[in-house]
Every structure is written in structure tokens, then in C-alpha cells.
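So this first bit is one chain, no partners, the form predicted alone, shown in C-alpha cells.
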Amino acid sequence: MKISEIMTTAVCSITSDKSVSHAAEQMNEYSTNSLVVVDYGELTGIVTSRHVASAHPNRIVADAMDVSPNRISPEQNIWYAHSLLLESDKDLLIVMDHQEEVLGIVTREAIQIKLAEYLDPLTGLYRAPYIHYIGEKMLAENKPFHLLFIDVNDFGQINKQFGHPFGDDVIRSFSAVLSSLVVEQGDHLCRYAGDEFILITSGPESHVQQCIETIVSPTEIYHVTVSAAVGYMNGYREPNFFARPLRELIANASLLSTEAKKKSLFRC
């Protein structure tokens, strides 16, 4: 999903020498929460309703505006936009082309609404497109990572024996166990498909080993013992890690999890 597909193209502008009260009037007139500040044909900042509310009406826009708004290309995807907003703690991005022309604005709210479509309703985790974005981005930036392909053991048998609603409860509870392993920085978890999950982490190997030990250890969920197999690709040690596309790395990790199922425990 590209930014161009969710951005707002109706952009209103103002010059930095106008008063804050005038900016507020313009926002009311055009029913917008932001104005792009343009002086002599060049973007110099952005003023939002939050800036207006916190500044004296008699001050000028130059005193209240954000002079370093985040910019983004319309070709970028929403995952990148989301990470930019998280890093900057801002509410919107200005969409500009290569000629530095303002094409539109994309807000935090618009991005969050779109990202919600990628959330798995059962577990609340992001689905496969999220992990594809994270993995491909890190490969492109030559940032090594650990990839854990997690596959619940005998899930088909659990469904047959206890029914699909119970199977859903197992997936939900097991995903909570996985989420408890995720640290705030460097860990990325998704429900990949059915009873399969993927964890990408740039954390230390001690963290990875702790995760694997927890995941493969049998867990009691509603009086049923549940365990999982893990296929592990170590991007810090794997030969030709960066020469391989993410799909191939995931496929290899999946095969390793299948081998782990046969052995009941896998360590790399």
C-alpha cells in the first residue's frame, strides 16, 4: 500500500508572516487541521491546529509552525510512514515529489486506519505483509537479524479433538505467550498463517535462545498441552544471508521448523 493511495491532496497553504489568528480562521474556513507554510514558492514548515491552540493569536505563523516537518515520497509504503511518525512523534507527513513539489498530506489517523486492515482479528497481531516489509527493509539496509518461524505442533489434531472454537482459543492464548517475549525495540512479530508465526529480532543471541526455549516448552492452555516447533535462521552467522530474498529465508526457516517437529526440539 503506497502513500499516494491514502494521502489527502486538498492542501491549503499560508505564508509565515500571517498571524496565528488568521491561520485559525483559514483552518475553520477550509475545514482542515493543518496548513502548509510556503514562502516565496518554497515549503518552510507546517502549522497545525495544535500549534495554533498553543500560540498567542497575535503571534505570527513563523513563531508557531513546525519548521522541520517530515516529508515522504508518494511511492513509499504505509509501514515506512508509520515508523517515521513513531520516531518523530508527529501527527502528519507532507507528501512531496522529487521536484520538491507538495502533493498532499498523510495523517497519523489515516495511516492507523489503513494499518488496522492488516491486523489479525483473532490475535491482534499484524499479518504477513508486516513481516515482509520489516524483513525486506532490513535486508535492503544490510542489517542482520534473527528469523524464527514458529509452528504450533499438532494443531490440526487439536481442532479435530476439541473443535475449531477451542482451536481459536489456543491460537489466541499462544500468541499472547509470544507477545510476552517481544521487547519494545528490535522485535517484530506476526501471525503468518493459521498456526504459524514469525518473529524477527535484532536482539542478542541470548534473547533469541530465551525465546526459543520458551516457545518450544510445552504450555498448558485450557488444560491442553500445547507446544511449538521453531525454525531458526541466524542472519549474523548464516552464509549468503543478504544474497537471499526474504521469501527464501522464510521458506528455509519453515523447512527447519518441519525438521524440528520431527525431532521435537531444534537448536541452531
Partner chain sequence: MIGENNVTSRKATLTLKISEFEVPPMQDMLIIGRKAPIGPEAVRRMAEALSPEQFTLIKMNHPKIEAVLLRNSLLQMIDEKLLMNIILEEAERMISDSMVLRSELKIAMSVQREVDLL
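Numbering follows the first chain given and starts at 1. Because the structure is a prediction, the values reported are computed rather than measured.
Keep in mind the form predicted together with its partner chain is missing from the figure; the text below concerns it.
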Q.
Against its partner chain in the predicted complex, would H223 count as a contact residue? Criterion: heavy atoms within 4.5 Å.
A. no
Q | A62 within 4.5 Å of its partner chain in the predicted complex, heavy atoms | A | yes
Q. With the partner left out of view, is D17 within 4.5 angstroms of its partner chain in the predicted complex by any non-hydrogen atom?
A. yes
(Q) Taking its partner chain as it sits in the predicted complex, is N58 near enough to touch it, meaning that at least one heavy atom pair lies within 4.5 angstroms? (A) yes
**Q.** Answer range among 197-205, 62-70, 23-31, 234-242 for contact with its partner chain, defined in the predicted complex as heavy atoms within 4.5 Å
**A.** 62-70
